[in-house]
Each structure stands twice: as structure tokens, then as C-alpha cells.
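What follows is a single chain, given as C-alpha cells, in the form predicted alone.
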Amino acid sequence: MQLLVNALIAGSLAALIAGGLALVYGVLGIFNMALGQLVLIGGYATWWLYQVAGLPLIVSILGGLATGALCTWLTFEVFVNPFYRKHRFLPLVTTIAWSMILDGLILLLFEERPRSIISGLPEGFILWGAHISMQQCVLVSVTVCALCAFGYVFHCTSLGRRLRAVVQNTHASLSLGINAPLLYRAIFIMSGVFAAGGGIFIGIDQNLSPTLGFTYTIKAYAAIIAGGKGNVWGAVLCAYIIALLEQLLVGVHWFNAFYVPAGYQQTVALLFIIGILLLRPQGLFAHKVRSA
């Protein structure tokens, strides 16, 4: 049961990051390799506002989300928008360069010491035989509510209909008077807000470290590739699947003989990508497309 609870917590974090990014990949078809750094920026901004500036926690969280949105807008305008129309793989190069710049800035500003938004050991309790803290319950609940709210907007509002139209056919949506370039920016910034929320999740539940960026980038894209291009809910579900596989890998006493070292946990996402590409390259939940 403890493994399932751990998978729920880790999966909620991965789903929060991968959900918005799946929409970006479905619309623009590009890879934002600075995603992990945007996660850290949201977490570190919240830490600074709460621990250094002394602002209330809610205000600090809103400030962290706003900082993530601002940095994501800058990423789009400078490192994505001028390049992706020329070739879809150019942003892959530019965002890698941007991620390296952000890595240096994060190290310069916050050093290598682990940072926790809420210091001290959280109070925990036993739920169905598994240990969980109140902070983790709140984080998982807020994440699920955020994903449900996003689902409502995406499926039940006029804005969601415009988003779905852009996802399905950009040129047709332009002919209907939909401002696709504006929606591109909105979708990209939304992914940054989700990423910043993931960084705040990490900073409250664990510790922030400048070396975490690449790890969360790989996990998010593993979920997107496995879920199918543009399938937001497929990416969310695959994020939980990857988290469960990670917990099973290091938490099970295999053949009653050995435990897999925790350092190998990060290889699950990579192996998951390879396996999906070999067995079902279009993704587990890819939309069926009619061909002439």
C-alpha cells in the first residue's frame, strides 16, 4: 500500500508537469527542453518569496506561478517563436541552449544547497497502512482539482472549443476566425504555469536541487510519447503509470533475494520510452486518424 501511495504522490507531480506540455506538443509539435528548468524556477521563486522575503505562503505560491508564466512567455518569444515556423526541430536546439543558461543562473542565484519551501519535518498519519503527510494530501488534492478544472475548461467552454480546434487543424481554425497565434502563446504559457506548479510541489514535498531539471524533462516527455501526440489525458495517465513502475522497481524485494538500488529508478522513464517506441510508436492512447 505504501508503494501505491508513493506512486500517487509522484504520479501527481509528473501529471501536473506533463498535462500542459502534452497540449503544447500536440499543437506546435515542438520539444521544449527547458521544461525542467521552468519547473525549478517556479519552485525557487516560491522558496525565495516565502523564506527570504517573508511573504505569506499563498502569496508566495502565486508569485512562483507568475514567475514561471513570465519565464515561459520569455522562452516562447525569444527561443521558440522565431524558429519553429522555419523548422520544427530548431526549437529543440534553442531550448537546450536556454536550459543551459537557466542552469547556470539557478546555480549562481541559489547555489547547490537543497532548498525546502516549508522547513521542518511534516506531520504524518497512517492511511490504510501507508504513511502520508497532510502536506502530501493537500498537494495531491490540489493537483487533481487543477487537472479537473483544466479538463472542464478544455471540454466544456468556448475557450476549450477553440483550443481543440487549433489542436485538430490549425489552418481550418484560422479560416474560422480563431486567433491561433494568440492561442499558441496562451497554451505555451499555460504549460509553464503547470511546470511552475510542479516545482512548488517539489519544494513543499521534498527539496529543490539545481540538478533536478533534466530528470523531470525526461519524465514529462516519456509520458507524452507514451500517451500519444496531443492526447493530454493519455499523458496524464502515463505519468501515473511511470511513477508506479518506478516505485515497484525499487520497492519490491525481487525474488526474495535483492532490492534494486534507488539510483536505477530514473531509468524507468527512459526504458518506458524505448519500449513504447518499439511496440507502439504512435502511443498507447493515440487518436485514430483517417487516411485517404
Partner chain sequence: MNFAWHIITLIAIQMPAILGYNFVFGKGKIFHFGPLGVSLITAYASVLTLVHTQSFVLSFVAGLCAALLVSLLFAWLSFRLEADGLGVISLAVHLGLMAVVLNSNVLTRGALGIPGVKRMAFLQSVSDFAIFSGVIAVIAIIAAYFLNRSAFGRRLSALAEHNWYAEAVGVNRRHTHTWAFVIAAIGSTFSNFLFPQYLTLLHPSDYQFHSFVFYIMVIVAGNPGSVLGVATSTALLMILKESIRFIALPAAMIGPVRLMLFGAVLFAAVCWRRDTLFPPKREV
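Residue numbers count along the first chain shown, from 1. Values in this document were obtained by computation on a predicted structure and should not be read as measured data.
The same protein also has a form predicted together with the partner chain, omitted here; what follows describes it.
- Contact with the partner chain in the predicted complex, defined as a heavy atom within 4.5 Å, holds for exactly one of A69, M33, I61, I241, namely M33.
- Taking a 4.5 Å heavy atom cutoff to the partner chain in the predicted complex, the contact residue among M100, I118, A165, A130 is M100.
- Although the partner is absent here, H87 lies within 4.5 Å of the partner chain in the predicted complex, judged by heavy atoms.
- In the predicted complex, at least one heavy atom of P82 sits within 4.5 Å of a heavy atom of the partner chain.
- Although the partner is absent here, G29 sits close enough that one of its heavy atoms falls within 4.5 Å of the partner chain in the predicted complex.
- Looking at Q136, you'd find every heavy atom of it more than 4.5 angstroms from the partner chain in the predicted complex.
- From the list 43-51, 259-267, 243-251, 61-69, the contact stretch for the partner chain in the predicted complex under a 4.5 Å heavy atom rule is 259-267.
- In the predicted complex, not one residue of 37-72 has a heavy atom within 4.5 Å of the partner chain.
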